[in-house]
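Quick setup: one chain, the form predicted alone, written in C-alpha cells, and binding and motion questions come after.
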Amino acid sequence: MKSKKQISLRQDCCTAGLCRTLGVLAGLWFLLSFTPAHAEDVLHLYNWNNYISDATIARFEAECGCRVVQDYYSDNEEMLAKLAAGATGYDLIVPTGNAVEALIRQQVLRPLDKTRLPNLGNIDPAWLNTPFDPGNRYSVPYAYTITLIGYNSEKQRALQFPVDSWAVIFEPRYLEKLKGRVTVLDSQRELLAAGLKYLGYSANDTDEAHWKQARDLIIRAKPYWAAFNASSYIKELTVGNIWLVHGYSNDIFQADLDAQKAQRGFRILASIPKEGAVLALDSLVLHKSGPRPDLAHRFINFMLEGRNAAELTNLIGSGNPNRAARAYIRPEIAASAAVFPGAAQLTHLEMLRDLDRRQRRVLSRIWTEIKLR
C-alpha cells in the first residue's frame, strides 16, 4: 500500500508531465497558426500581357484549391533582363522560342516531369521537337502569334495605303499619309526582323552590315511614327487614335473585338506581309526558383485540355498548337489566316533564334542608335 506522500509525488509528476505535453502542443499550435499552409498553395506565373482569360484562371484555382498570382511583361528582353537582375520565385514563365533557348543555356529551367502531363499527347507533333528545345525537355507549346500589320479598315479605305507589305511601315511615300498615326513594337528583335524581312533577308540574319541597313531603314521611318509601343497600342487602335501598327496577331484580334463592342464603326484588321514575318511559339517552362513545381505541372496539364486550350484562342485570338482544341474553336477564328495561316503562308514565317553574347552587344548598340536618333 502506497503512502499519501508517494501518491502525492506521483500526482505532482503526472501534473508536471501533462503540463509539459500541453505546453508542447500549444507551441505547435502557435507555430502552425502562423505558418502559411505550403506557401498558401500559390502558383506564381510570369506571363505576357493579355495572354490568358480571367475565367480560365478562376477555373484552375477552383480545381486545384489554390491561387494564381501573375506578373506581366510585354517583351522577351524585358523578361530576360528582370530574371538576370535577380528576380526569383516564378513557378511558370511563358517565353518565346528564342527566349526559351536563352534560359536553357543559362541553366535556370527545371526539366519537365512528363509523367505528370498525361495531356501532352494533345499537342500537334508539328509544334514539338523544335530547334530551341529538342525533345521538349523543358518546354510545352502554349500558343503562337504572328507579328504582322494591324490597321483601321475605315482609314485604309479612305487613304488607300497598302497592307500586304512592310513598305507601309517603312516607306515615307506611304507614311506621309499616316504621320503620327503609326506605332511599332518596342522590341529590338521584332522591329529589326520586320526591317530585315522587308530588305529581303532572314529574320535571323546576323550579318552586321544587314543589321545596319535595317537600322537606317528604321531611322528614316521613325519621324513618321507616333511611338514605340508594345502594350497600350490595343487601346489606341480601338479608340481610333492609331490607324496602323506593327503588332502581334492576338493583340490585333483583341483590338477588333473591343472596337466592335464599342460600336466604333470600323474594324481592326490584320494582314501578313508578303515579304514574310515572325512566328512566335510561346511555351510554358518551369523556372528553377519556383517553389511549387507540383502546381506548375498541374497548370500545364490543365491548359493542355482541349476546352481550356481552345478558350485561349476564342478569347484572345492566339494560334493554337493543341489538336484537341480544334473542335472547340469558333469557326470564324479557325478560318482566319492571321490566326491559322495556310501552308503557303507558313513557308514565309520564321521563328526567331537566340543570339550569342557578342551579337547581343551589337544589337544593343544598334537599338540605342535607333532610340537616340
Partner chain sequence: MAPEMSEKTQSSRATRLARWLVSGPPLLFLAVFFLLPSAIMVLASFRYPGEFGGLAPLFSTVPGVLHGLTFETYQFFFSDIIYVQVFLKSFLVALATTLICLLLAYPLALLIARSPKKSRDLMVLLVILPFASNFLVRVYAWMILLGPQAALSQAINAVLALFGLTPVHLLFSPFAVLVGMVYVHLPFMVLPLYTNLEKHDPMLLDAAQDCGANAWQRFWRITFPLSMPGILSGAALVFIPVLGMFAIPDILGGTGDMLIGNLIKEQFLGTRDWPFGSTLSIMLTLAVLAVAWLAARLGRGGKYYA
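Numbering follows the first chain given and starts at 1. These numbers come from a predicted model, not from an experiment.
What comes next is about the form predicted together with the partner chain, which is not displayed.
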| query | finding |
| --- | --- |
| Candidate stretches 231 to 239, 137 to 145, 111 to 119, 244 to 252, one within 4.5 Å of the partner chain in the model of the complex by heavy atom | 231 to 239 |
| Partner contact for residue 188 in the model of the complex: the partner chain, 4.5 angstroms, heavy atom | yes |
| Contact label in the model of the complex: residue 102 to the partner chain, heavy atom within 4.5 Å | yes |
| Non-hydrogen atom contact residue 292 with the partner chain in the model of the complex at 4.5 angstroms | no |
| Residue contact check: residue 352 to the partner chain in the model of the complex, 4.5 Å heavy atom | no |
| Site test, 323, 326 and 330 vs the partner chain in the model of the complex, non-hydrogen atom cutoff 4.5 Å | no |
| Interface residue in the model of the complex among 222, 177, 267, 210, criterion: non-hydrogen atom within 4.5 angstroms of the partner chain | 222 |
| Listed residue that, although the partner chain is not shown, lies within 4.5 Å of it in the model of the complex (heavy atoms), from 192, 281, 94, 226 | 226 |
